[in-house]
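Given next, in structure tokens, is a single chain: the form predicted alone.
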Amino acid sequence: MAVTETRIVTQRLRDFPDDSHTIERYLATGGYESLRRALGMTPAQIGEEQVKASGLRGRGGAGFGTGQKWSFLPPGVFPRYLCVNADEGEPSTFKDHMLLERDPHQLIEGVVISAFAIECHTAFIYIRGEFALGAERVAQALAEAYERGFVGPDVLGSGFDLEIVLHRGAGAYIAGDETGLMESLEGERAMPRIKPPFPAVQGLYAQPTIVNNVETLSTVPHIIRMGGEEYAKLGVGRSTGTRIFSVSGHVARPGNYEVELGVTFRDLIYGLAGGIPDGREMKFFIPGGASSPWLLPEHLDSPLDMDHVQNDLKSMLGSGAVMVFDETVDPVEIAWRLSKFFAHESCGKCTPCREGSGWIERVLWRILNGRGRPEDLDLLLDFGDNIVPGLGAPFAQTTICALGPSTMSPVVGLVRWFRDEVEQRTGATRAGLERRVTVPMPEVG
């Protein structure tokens, strides 16, 4: 049976593509009713009985439990802040972009409910500078929400006050890191902070701060509407609910697809996205944005389950960007292009990332252009060992944020799956290489 989308967050924008961004359409389709219901609850009821019970995990990359993150706020410490991470910059990820442009009121309702739940009175929407239409639509929606009393002093007569500030970034990929985002909001260059202290304890303006991304907060009104336990019935294992996946590359129907977690990569790529055109075969795919290690066609029947992909396939669902590459592509060229992106976007704060990302890009360029040396593969692994000792040991990265380890994902893909191709191009032989770093091999299933 062909898989179909399970539309929750994307229902309105699919049903009413012409005016889903307007307040008239939002109110006509039940908009802000979840807010009215939430204001009749206590903050603890929303956090514990709804969001935590739903099993909602962050939809921005790390997949951390949303309700659990909220619970880390120290009791009795005020003011506290809520930051919306709308700085979607992961290559080939475009789901939050769509939500900002086509259903901004859904995000705003999620922000107000979440702010009430964490007892916050000032929230910030940090939106990527390139999202011109998205910023325009969110600004218009905010003005309408203020006018109707959904935001501002005494929200809907509840006695709860909330101000929401829209802030546009300046195009730095590193601002997608939650601490880099807070640095930028404070007027500094977007560079990550050392943790601890974690943002929930000491974040924006040195006050307790929660950072959630657009899709995460856009899901909150639906959890209130459905009930946390009912929402948790969707999905598989600890990966509850639905997620939007941005499918791009060599597929017949690229685009955003909202599916219940637990369907397979095959359902997503060959079902909803139409498979690879012109009868060509898949060579590999990237399951969760440029930061995630690559997978092969033999992994297509694996479920879209955050824990399974991380623990068994040694990759991650990450930002939800699924990039598909057919048999005509050169994996070395893909690795070089991704490494060039990370080298360009490194903020330079951490020496292993600042120096290593540039050298990784240069060595891959050399291999790509027929100038590779027999020792180049080991050289790449040496770079990676200085960024992520052991290439995958948990909590062993030598950089403050995850951009450093991300630079090694393309290299790990080459070593894990296409080592023979790289060795043929560089003239390397297995007997001639002095050292090997063991890259964990996924178990298919």
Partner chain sequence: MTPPERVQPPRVLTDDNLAKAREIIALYPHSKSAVLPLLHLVQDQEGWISDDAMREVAALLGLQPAQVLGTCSFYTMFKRDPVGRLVVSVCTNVSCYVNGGPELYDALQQRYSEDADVTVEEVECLAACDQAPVLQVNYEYHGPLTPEVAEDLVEDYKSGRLTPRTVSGSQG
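Positions refer to the first chain, counted from 1. Bear in mind that the values here come from a model prediction, so they are computed numbers and not experimental data.
The following text describes the form predicted in complex with the partner chain, which does not appear among the structures shown.
Of 107-115, 222-230, 268-276, 93-101, which is the one stretch near the partner chain in the predicted complex, taking non-hydrogen atoms within 4.5 angstroms as near?
Of the stretches listed, the one contacting the partner is 93-101.
Verify the flagged residues Gly235, Trp359 and Ile400 against the partner chain in the predicted complex: is each one within 4.5 Å by a non-hydrogen atom?
Contact check failed for every one of Gly235, Trp359 and Ile400.
With a cut-off of 4.5 Å between heavy atoms, is Pro75 one of the residues that contacts the partner chain in the predicted complex?
Because no heavy atom of Pro75 falls inside 4.5 Å of the partner chain in the predicted complex, the answer is no.
Please run the contact check for Met282 against the partner chain in the predicted complex: heavy atoms, 4.5 angstroms, yes or no?
No.
In the predicted complex, does Arg189 come within 4.5 Å of the partner chain, counting heavy atoms only?
Arg189 belongs to the contact set for the partner chain.
Please run the contact check for Lys340 against the partner chain in the predicted complex: heavy atoms, 4.5 angstroms, yes or no?
Residue-level check for Lys340: yes, a contact with the partner chain.
Val151, Ile174, Ala141, Leu313: which sits within 4.5 Å of the partner chain in the predicted complex by any heavy atom?
The residue from Val151, Ile174, Ala141, Leu313 that makes the contact is Ile174.
Heavy atom within 4.5 Å of the partner chain in the predicted complex - residue from Ser302, Thr240, Gln202, Ser248:
Checking each option against the partner chain in the predicted complex, the one that comes within 4.5 Å is Ser248.
Select from 307-327 the residues with a non-hydrogen atom within 4.5 Å of the partner chain in the predicted complex and write them out in sequence order.
Heavy-atom contacts to the partner chain in the predicted complex: Met323, Phe325.
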